[in-house]
Ligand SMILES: Cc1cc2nc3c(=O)[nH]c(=O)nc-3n(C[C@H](O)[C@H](O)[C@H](O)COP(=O)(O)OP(=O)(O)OC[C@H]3O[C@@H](n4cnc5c(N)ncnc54)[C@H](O)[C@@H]3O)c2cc1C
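Coming up is one lone chain in structure tokens, specifically the form predicted on its own.
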Amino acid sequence: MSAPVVIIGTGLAGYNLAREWRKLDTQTPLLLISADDGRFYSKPMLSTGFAKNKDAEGLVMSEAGAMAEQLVAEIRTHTSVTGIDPRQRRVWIGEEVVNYRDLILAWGAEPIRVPVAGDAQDSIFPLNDLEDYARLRAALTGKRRVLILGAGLIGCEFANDLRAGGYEVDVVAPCEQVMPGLLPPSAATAVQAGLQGIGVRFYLGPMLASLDHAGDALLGRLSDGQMIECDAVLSAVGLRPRIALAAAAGLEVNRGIVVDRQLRTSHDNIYALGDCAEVDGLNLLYVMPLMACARALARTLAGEPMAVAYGPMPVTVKTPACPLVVSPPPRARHGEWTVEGAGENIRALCRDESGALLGYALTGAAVQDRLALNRELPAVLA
């Protein structure tokens, strides 16, 4: 039998690539390798589960067995690849050798972990996948107080979701505003006000210095001396693309695994997409670029080489306390922000010297302008 196409990773990147490719090729053997249980779910839905009172099972769309049948594939779960041999076109699973026709790295990114002193390190939960979500829900059984580390997009989404689910929420982050680097200050102020309006408490500036058990609860000490009682800590301080195994195999890496516009790495027959990939210098941790990559790479794997392109890619942030849509200006394009509106209804536009729209941040009622503005936006990667 011919060597299979091998996809490492069964998140949105791996499964959507497999689906797109199977539309074009139903015969070539396909093997997916997953470090977890291989269940298919939508990762963005993790930050909606508490408000909907859904456990991990409630977020699952398909079990691994059903996905294997749908994709005419073999799916190996709870399996970790330990090495890649690009010259011989094979991967290692412990002592086992698996040959491949083409290898696709879709293993995502890993949570950044920040050191925190104290005896309650085991009560700090990253939330990057379905199993993480299940662990946090289990830890919060019968509990009500959550401290979130990080005020970025993910931290704010979970703050809104947990508060809507009935939890007391404190957000700690060493920054001056929410979503720094993504939002202009006016839009950040609007989102923070919206979240505060539903009861989220913010501690912007200090860091969590220590976390200790205090009876049945936890006691967090901030770097400015403030104390916060909680029952669990959700860490949302960011993600780092997984590159170690690729680097060990001699693939070119930078922030992510470096790939060209056809998503090919520095070695033939090895590709990467999703959170682990750096496409033409861009490492975008969002669903829209991932889907564009899946469609393009499926064509390439089917023998019709296709370069990926990113059109305008606005991001809808799940903070219903203050609706938010943002389209950051493209890299190397400089412009000036203008702000209209007040309170939670902010229309912030970034335009270049000629008046061309580069990006926007819309909050509250201003999000209704997104469709008209999207028609003016430049492509992210033309």
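Don't overthink the numbering: it's just position in the shown sequence, from 1. It should be emphasised that the depicted structure is a prediction, and the values quoted were computed from it without experimental measurement.
Unshown form predicted together with the named molecule; subsequent notes refer to it.
Asks: Has each of 144, 169 and 210 got a heavy atom lying within 4.5 angstroms of the named molecule in the predicted complex?
Replies: The answer is no; none of 144, 169 and 210 reaches the named molecule.
Asks: Looking at 311-319, 60-68, 327-335, 352-360, which lies within 4.5 angstroms of the named molecule in the predicted complex, counting heavy atoms?
Replies: This holds for exactly one stretch, 311-319.
Asks: Should residue 51 be classed as touching the named molecule in the predicted complex when contacts are defined as heavy atoms within 4.5 Å?
Replies: It does not: once the named molecule is placed as it appears in the predicted complex, residue 51 has no heavy atom within 4.5 Å of it.
Asks: Check whether residue 346 has any heavy atom within 4.5 Å of a heavy atom of the named molecule in the predicted complex, and answer yes or no.
Replies: No, residue 346 sits far enough from the named molecule in the predicted complex that none of its heavy atoms falls within 4.5 Å.
Asks: Is there any non-hydrogen atom of residue 128 lying within 4.5 Å of the named molecule in the predicted complex?
Replies: Result yes; residue 128 sits at the interface with the named molecule in the predicted complex.
Asks: Applying a 4.5 Å heavy atom distance criterion, does residue 232 contact the named molecule in the predicted complex?
Replies: Answer no; every heavy atom of residue 232 is more than 4.5 Å from the named molecule in the predicted complex.
Asks: Give me the residue from 245, 98, 73, 182 that has a heavy atom within 4.5 Å of the named molecule in the predicted complex.
Replies: Partner contact (heavy atom, 4.5 Å) among the options: 245.
Asks: Please identify the residue among 116, 136, 251, 290 with any heavy atom within 4.5 Å of the named molecule in the predicted complex.
Replies: Result of the distance check: 290.
Asks: Only counting heavy atoms and a 4.5 Å limit, does any residue of 103-137 reach the named molecule in the predicted complex, and if so which ones?
Replies: Stretch hits, in order: 106, 107, 108, 109, 127, 128.
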